[in-house]
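The chain that follows stands alone, in the form predicted on its own, written as structure tokens.
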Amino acid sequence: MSNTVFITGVTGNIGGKLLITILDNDPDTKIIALIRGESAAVAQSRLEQALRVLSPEFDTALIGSRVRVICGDITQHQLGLTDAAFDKLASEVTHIIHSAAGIQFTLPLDCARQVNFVGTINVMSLAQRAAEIGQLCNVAYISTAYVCGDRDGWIYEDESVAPRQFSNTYEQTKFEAEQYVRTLMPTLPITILRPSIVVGDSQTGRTLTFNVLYSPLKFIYKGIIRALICDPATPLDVVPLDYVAKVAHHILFRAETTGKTFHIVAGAAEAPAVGSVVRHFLNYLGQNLTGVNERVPSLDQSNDGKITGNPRTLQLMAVFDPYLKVTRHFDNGNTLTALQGSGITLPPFAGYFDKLLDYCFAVNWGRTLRHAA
């Protein structure tokens, strides 16, 4: 039986890369992509634009032959579709990937909830209808490892996380959405995937977003901040986009993965320390950019250091502080077990970090991409 995969969030990093990965590896699989747009043409243009960034060699002729674009909105009842269109979609899909999310850390809580919580409820209503009238095999919900909030220490895949508090509205609303999804696990074939900090492609550095890891490095490069308040030994769990897509793709089509949670993370042994990331970055700047030694500030990475800068910069840095300060390790036992024999391995951070930086500077930290759009 051929598969039909319904995906949300294909104009974003994970959804877009997953679409490409499925097309490259599953020639008989068709994809239905839900995209916001005033018309099908506008929605398709948004998709093509995103895919050209992630993979310039992508064959856009596949959109129309193997990828069907549907105009819709996850925040709307029945995804903004008519009753007939909603039921037709539910009867077709064999797999659902819900990767759409409001990823901005500073969104007001009600706005973040509308996308991340209400949007998830609406996608799961499609899954419930598909289970009733169709041939649904798996529903992959793309959560985040940071539903753990401000918890430190070990975070396990199979435990019920109970954060004391959240660092931002993104974490809080993804936690709320994941908790809702868990209530449906007894009746639906659900798989929860929790990536950690997702950076660009390990081979090309390409990415659609420049946040979390990228923003503090940009502030350092521009001399906007003079110090980071953190323990240099704090682990920073980052994973490249292509690894996330390969792991998610591999897990999606395995029946035995339903009902489980998978951390798509570097893990305790592979996560780089904040101090080594900053040192590598400064070394990169010194080797690749003329005159950079005059622009890059010296860094005091001790716990007694002080971040200096204008109020807006301090506000932005406060958003990223928890990821630089909290020492935690993500268990990935379920993921490593599922990957046995697949040949999928996590590339070492030191082996691809320069490629991320090369791409950053090539597109001016995303400014070139925004202007092109």
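Just so it is clear, the model here is predicted, and its values are computed rather than measured. Heads up: residue numbers just count along the shown sequence, starting at 1.
Heads up, the form predicted together with a small molecule isn't pictured, but that's what we're talking about next.
- Put simply, H263 is far from the small molecule in the model of the complex: not one heavy atom of it is within 4.5 Å.
- When contacts are judged by a 4.5 Å heavy atom cut-off, P195 counts as touching the small molecule in the model of the complex.
- Contact annotation: R52 falls outside 4.5 Å of the small molecule in the model of the complex, judged by heavy atom distances.
- For Y243, no non-hydrogen atom is located within 4.5 Å of the small molecule in the model of the complex, even though that partner is not displayed.
- For the small molecule in the model of the complex, the listed stretch (226-234, 266-274, 178-186, 74-82) containing residues with heavy atoms inside 4.5 Å is 74-82.
- Residue Y170 is the only one of Y284, Y170, F253, F117 with a heavy atom lying within 4.5 Å of the small molecule in the model of the complex.
- Interface residue among A101, A248, I190, L126 relative to the small molecule in the model of the complex, by the heavy atom within 4.5 Å criterion: A101.
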